[in-house]
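Shown below, as structure tokens, is a lone chain in the form predicted alone; questions about how it binds or moves come after it.
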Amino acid sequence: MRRGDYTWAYLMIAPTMLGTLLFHIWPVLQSVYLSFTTWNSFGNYKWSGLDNYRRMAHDAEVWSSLGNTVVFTLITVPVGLALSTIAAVLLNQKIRGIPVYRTLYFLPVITMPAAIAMVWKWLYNGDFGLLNELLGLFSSAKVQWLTNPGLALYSTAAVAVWSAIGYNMIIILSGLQGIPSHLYEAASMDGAGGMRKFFSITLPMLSPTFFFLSVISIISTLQTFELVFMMIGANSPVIGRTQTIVYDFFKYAFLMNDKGYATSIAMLLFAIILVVTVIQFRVQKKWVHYE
């Protein structure tokens, strides 16, 4: 390339680089700095070194929220991917009305999370919710889906799984349609049945898709907030059993005006996501097949 070509290349990417620096890199650097500060009630702050991190190390509430977040992630990601795979395989068949079914599955993806939370909050209502009305056909006992300490986290996780199936299903469906048909034809000639084809051809060929979805799903789930905020609420007696680490960040930053401590919680989450993602990229060499 000539020297003039490099100049034009840098000029073309300059707007993107400027936007990345202003709206991504600079806020991250500011957050790192603010995590070492202490704020007062009037919005002023001062440098306090590692005080926020020392406080966080002994804060049982933060570690409880982190435990809730991990449990929430361990439930929603594997279950969501498994159900999305089943849905994608079923919707990859040549049946009448398949575009309608695909659209119905995808609808939750284009629906506002707050609207989803409000609808499911009504469905879960312990007194007049639809789920208890249906269960009432078989039993008189009413289930307190969102106020039972042992059930509330799983109830919100079920909604997270339901709302993620559509997006995951579309990605997996595109992966299914990219598998060469001659692999299945060769397997059929060797006498392989449907299950053998699924486990020996479909799943290995979908491994890059599963890797991509697992990375973005874990990152997204670790940042869960709106379902807990909308469905459980700050005044619920079970909020301690369901609040996530991002809910803790919200509480300290916007309800308690302790932005320094809130930012240190955000830095903890950032570090966890970074470590988990690096581990995923290292481990994927052992199970992802690109050919």
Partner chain sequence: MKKGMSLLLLCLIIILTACSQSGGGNGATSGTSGNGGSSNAGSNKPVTLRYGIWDENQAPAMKQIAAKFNETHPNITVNVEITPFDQYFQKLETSAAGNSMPDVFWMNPANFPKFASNDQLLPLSDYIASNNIDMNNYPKPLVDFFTYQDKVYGFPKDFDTIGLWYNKQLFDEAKVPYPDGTWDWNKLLDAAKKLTDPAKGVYGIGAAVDSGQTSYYNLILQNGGYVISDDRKSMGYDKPEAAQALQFWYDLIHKYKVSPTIAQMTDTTPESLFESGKLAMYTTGSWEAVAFNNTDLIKDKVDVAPLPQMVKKATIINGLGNVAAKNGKHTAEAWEFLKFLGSKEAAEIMGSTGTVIPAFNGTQDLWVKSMPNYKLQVFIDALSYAVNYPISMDFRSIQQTDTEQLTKAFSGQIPLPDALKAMTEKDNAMLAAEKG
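Here the rigid core means the biggest group of C-alpha atoms that line up within 1.5 Å when the two forms are laid on top of each other. Computed from a predicted structure; not experimentally measured. Residue numbers count along the first chain shown, from 1.
Quick note: we don't show the form predicted in complex with its partner chain, though the next part is all about it.
In the model of the complex, its partner chain sits beyond 4.5 Å of every heavy atom of Leu29.
Proximity of Met169 to its partner chain in the model of the complex falls outside the 4.5 Å heavy atom cutoff. When its partner chain is considered in the model of the complex, Trp287 lies well away from it, no heavy atom lying within 4.5 Å. For the chain shown alone, Phe128 is a contact residue for its partner chain in the model of the complex, at least one non-hydrogen atom being within 4.5 angstroms.
With its partner chain omitted here, the record of contacts in the model of the complex names 34-42 of 218-226, 262-270, 65-73, 34-42, defined by a heavy atom within 4.5 Å.
Gln144 is the sole member of Ser163, Gln144, Ser214, Thr202 with a non-hydrogen atom within 4.5 Å of its partner chain in the model of the complex. Contacts of stretch 247-286 with its partner chain in the model of the complex, defined by any heavy atom lying within 4.5 Å, are made by Lys251, Phe254, Leu255, Met256, Asn257, Lys259, listed in sequence order. Remark: with the core as the superposition reference, the CA shift of Ser41 between the shown form and the other one reaches 2 Å or more.
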